[in-house]
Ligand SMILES: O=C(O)CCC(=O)C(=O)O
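Only one chain is shown below, in structure tokens, and it's the form predicted alone.
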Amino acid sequence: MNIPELSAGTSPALIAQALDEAGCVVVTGLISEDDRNAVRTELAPHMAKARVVQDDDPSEFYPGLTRRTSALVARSPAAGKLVLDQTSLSLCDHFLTPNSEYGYQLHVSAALEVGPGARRQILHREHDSFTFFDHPRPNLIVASMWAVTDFRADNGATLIVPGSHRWPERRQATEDEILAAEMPAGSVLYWLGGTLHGAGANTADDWRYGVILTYSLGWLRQEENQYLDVPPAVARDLPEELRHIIGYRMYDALGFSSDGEVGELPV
């Protein structure tokens, strides 16, 4: 099975169909060069402070020789725009709302720059934390990787295993089933929470830069603590839709606060 590739402007229904069948899909041309440059510029001070591990331990989940920063909604208005991208939200509507009546939320936000010499990451699934559910699990998460630079097989393009979202838990991927999601800058790789994936090894001389944004059912605990990364003093000034999707709203009876009404911030 291959990684489906579609272009921006393709109907959301066709993108959702491809994602459902393969567990992953690349959509090209979703982010302009100006928007990519804005993300890099706004996050540059934080990426510059990121610790880069030189002596890599192969048993560690995160490979060394990689820069990472999170809290993107608080740190980059341009990244906040990506969170609300309509293609992403249409896929969340399709895959998450059937299991989450009152909506979904931002699960993880991070910028990842994979450097020359970085090893391949251990393959994993986004929903691995939610062990209550048996495999194959229901749709709990929709994930996206935004290509700020070109993603190539030699510079650490995300590795993905098409079809693995339907596998039983103990099924292991063979090498020929693991594909590099090569895509030009401006593209987005989407995958479902049950799809095996991981960062590729970088054997080139350039750094591969991507932004990962994942979304989860509104009643799940978020992997990234958005309320610490985007505290009320910051969230208060965000657009309402962005504030809501990071969790500043009620989910049915969940998430009330003594400082606001129905989970909303006081004004």
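The numbering used is simple: start at 1 and walk along the sequence shown. Since this is a predicted model, take the numbers as computed values, not measurements.
Another form, the form predicted in complex with the ligand, is not on view; read the next lines as being about it.
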Practice item. Could you tell me which of 80-88, 172-180, 96-104, 192-200 sits within 4.5 Å of the ligand in the model of the complex, going by non-hydrogen atoms? Key: 192-200
Check your understanding: Though the ligand is not shown, can you say which of Asn155, Gln121, Asn139, Ser76 has a heavy atom within 4.5 Å of it in the model of the complex?
Key -> Gln121
**Study point:** Contact residue in the model of the complex, from Trp207, Tyr62, Tyr227, Trp219 (heavy atom within 4.5 Å of the ligand)
**Key:** Tyr62
Review point. Should Cys92 be counted as a contact of the ligand in the model of the complex, where contact means heavy atoms within 4.5 Å?
Key: no
Review point. Taking heavy atoms only, is Ile212 within 4.5 angstroms of the ligand in the model of the complex?
Key: yes
**Study point:** Contact of Met145 with the ligand in the model of the complex (heavy atom, 4.5 Å)
**Key:** yes
Exercise for review: Answer for Val188 alone: is it within 4.5 Å of the ligand in the model of the complex, judged on heavy atom distances?
Suggested key: no
